[in-house]
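As a starting point, one isolated chain is supplied in structure tokens, in the form predicted alone.
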């Protein structure tokens, strides 16, 4: 069972969410610990699942992915094996960055990046509509990204 996070753990997580390339020595200095106790805290938080991974965030625009869409997908009723096949296929498509089941008229929402609209149109017909159980795809094309973060709030706050 994960232990409770204290103030120092939260400071470490906050710093790591801002810049995961900070060394243990830099983190320790910023939170007022020596290096070994800081390293042990980081290891504990990894083992307990608070820290899932440390990654590099790549600029999709520099790699030619100029479009970002949310595809809402209507599904047919799937058996457990068909559902597992759908998930396996989704996980193997690198342009699909995120996939969620959702309540409402549509069943699945996908976050997809594409170089241009012609590529995306072909992707819908050659890939999305061929996935198990997919009946319909409705796309929302984003215009301007006003906020994008991977940082999770470390404390739940009351709504205003």
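Positions refer to the first chain, counted from 1. Being a predicted model, the structure only gives us computed values, none of them experimental.
There is another form of the same protein, the form predicted in complex with a further copy of the same chain; it is not shown, and what comes next is about it.
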*Do residue 135 and a further copy of the same chain share at least one heavy atom pair within 4.5 Å in the model of the complex?*
no
*Hey, in the model of the complex, does residue 35 get a heavy atom within 4.5 angstroms of a further copy of the same chain?*
no
*asked:* My question is simply whether residue 40 lines the interface with a further copy of the same chain in the model of the complex - judged by any non-hydrogen atom within 4.5 Å.
replied: no
_Please determine whether residue 25 contacts a further copy of the same chain in the model of the complex, using a 4.5 Å cut-off between heavy atoms._
no
*asked:* Heavy atom within 4.5 Å of a further copy of the same chain in the model of the complex: which residues of 48-65 meet that condition, in order?
replied: 48, 49, 50, 51, 52, 53, 54, 55, 56, 57, 58, 59, 60, 62, 63, 65
